[in-house]
Structures are given as structure tokens and as C-alpha cells.
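Okay, here we've got a single chain as C-alpha cells, the form predicted on its own, with questions on binding and movement later.
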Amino acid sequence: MSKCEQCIVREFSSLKALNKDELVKLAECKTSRLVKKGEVIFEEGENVNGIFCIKDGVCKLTKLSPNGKDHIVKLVTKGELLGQRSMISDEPVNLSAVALEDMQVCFVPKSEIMGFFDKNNQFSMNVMRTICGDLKDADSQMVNMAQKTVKERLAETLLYLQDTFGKNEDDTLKIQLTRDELASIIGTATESCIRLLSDFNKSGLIEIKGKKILLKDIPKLKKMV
């Protein structure tokens, strides 16, 4: 793994505000690890005591519902940090993080991060902006769940997956979610999600290639949103 000051990924997170000396200190205390697809990075209710910086890969943040099912709250990709809110509030994490593909992550202890927080105003402002952004996204998601139909939410999610994570060489969505995971994101039963995908396929909005999905009529999908 590269030194923190040479890591391009940090430019996408709050860490971009750290100066060279702080980055050297960060590199000395961080630990790096490879996370396999399906592996848990941390579980809801756990005391993480630090933050995780995603160097490569994608993970899902999930919340356990009263009926025992995991609901996907957010997908997180390289350049983003995990654990900022719980670190600031000094509480256990309220979500679980699970790798959707093989990942590279770095862990920085809370003691070191809080030192930067106290001494570097720009860094602390960046962290607060990120947390505020997460709250704004949560508000939007709540409104979507209440006001948009499942069909509209599916169209919006498919567009988001392509815009955020890109496409493969065959133009299918690069990130490959199971039907259960897709249903969890849009807030419906797996059977309903499968039925809607089939309807989208028949209507020519998408093309289903095994487990892969190709967006065929993006203008129509955007009109649905």
C-alpha cells in the first residue's frame, strides 16, 4: 500500500485538508488490509474506534430492521470514509459495512484522527460537511420512499448505479447486485423487484443478460424519475 501523501484516493475525502506532516503521521499509525467480497468490515453496534478509508472497491452500508432483514442504506466506493459520525458522537456504529467486491481499506485510530480534528480547522469542517451531506441524502431517501412509486425508485436506482459506478465493456452495469440487494435499496420485496425488472426488460428500457443489467433507453428511464 502507498504512503498517504502519495495516495490519490485521499483527495476525494476529508483527508485532503491534511498537510504533509499530518499525512506522514497518518501513514505511520494506519493499518491496511484486503477485504474479500462478502466480508464484514464492521457490524452495527460495534465500537470501531477509528475510521476506515476505502482505497479500492465498493461496500454496502446496511441497517437491521425489526423483522430481521438487512436494509441497504447506502453504497460506498473508493475515496470515502467510514465511521466519521460514530467517531464524532463517541457512539457505536449504527450501520454494518459489507464488501460487495474485493476491497482495499485503511484503518486510522480515533486517537490520531481526533488530534487532526483539534488542530486542523479545514479538516474538521470537511468532516462536518460530509456528515451534513449524509443527513441531506437520508432526508432525500426518506422522501423518495414516501412519495415515489417502486417503479420510479427502480428507474432512479438503475440510473444512479450507472452514473456512480460506470459500465463494463459490454455496457452492462459495472456493479453487480443480487436481486435481493436491489430490492433492499428500492424498499420492496425481492419478488416485486424481479417482476419490475422483467417489465422493464419487456418494455425495452433495459436488457437482462443473466445476472447483468444493461440500460437501453436512458431518456425514458429519466422521464420516469
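Note that residue numbering begins at 1 and tracks the sequence as displayed. The structure displayed is predicted, hence computed values, not measured ones.
Quick note: we don't show the form predicted together with the DNA, though the next part is all about it.
Interface residue among K63, R33, R179, K174, judged by heavy atoms within 4.5 Å of the DNA in the predicted bound form: R179. Only one of T164, N168, N49, S192 lies close to the DNA in the predicted bound form, with a heavy atom inside 4.5 Å, and it is S192. Every residue in the set V150, G187 and I208 has a non-hydrogen atom no more than 4.5 Å from the DNA in the predicted bound form. Remark: of stretches 25-33, 195-203, 39-47, 54-62, the one touching the DNA in the predicted bound form is 195-203 (heavy atom within 4.5 Å). Residues of 124-139 placing a heavy atom within 4.5 Å of the DNA in the predicted bound form: none.
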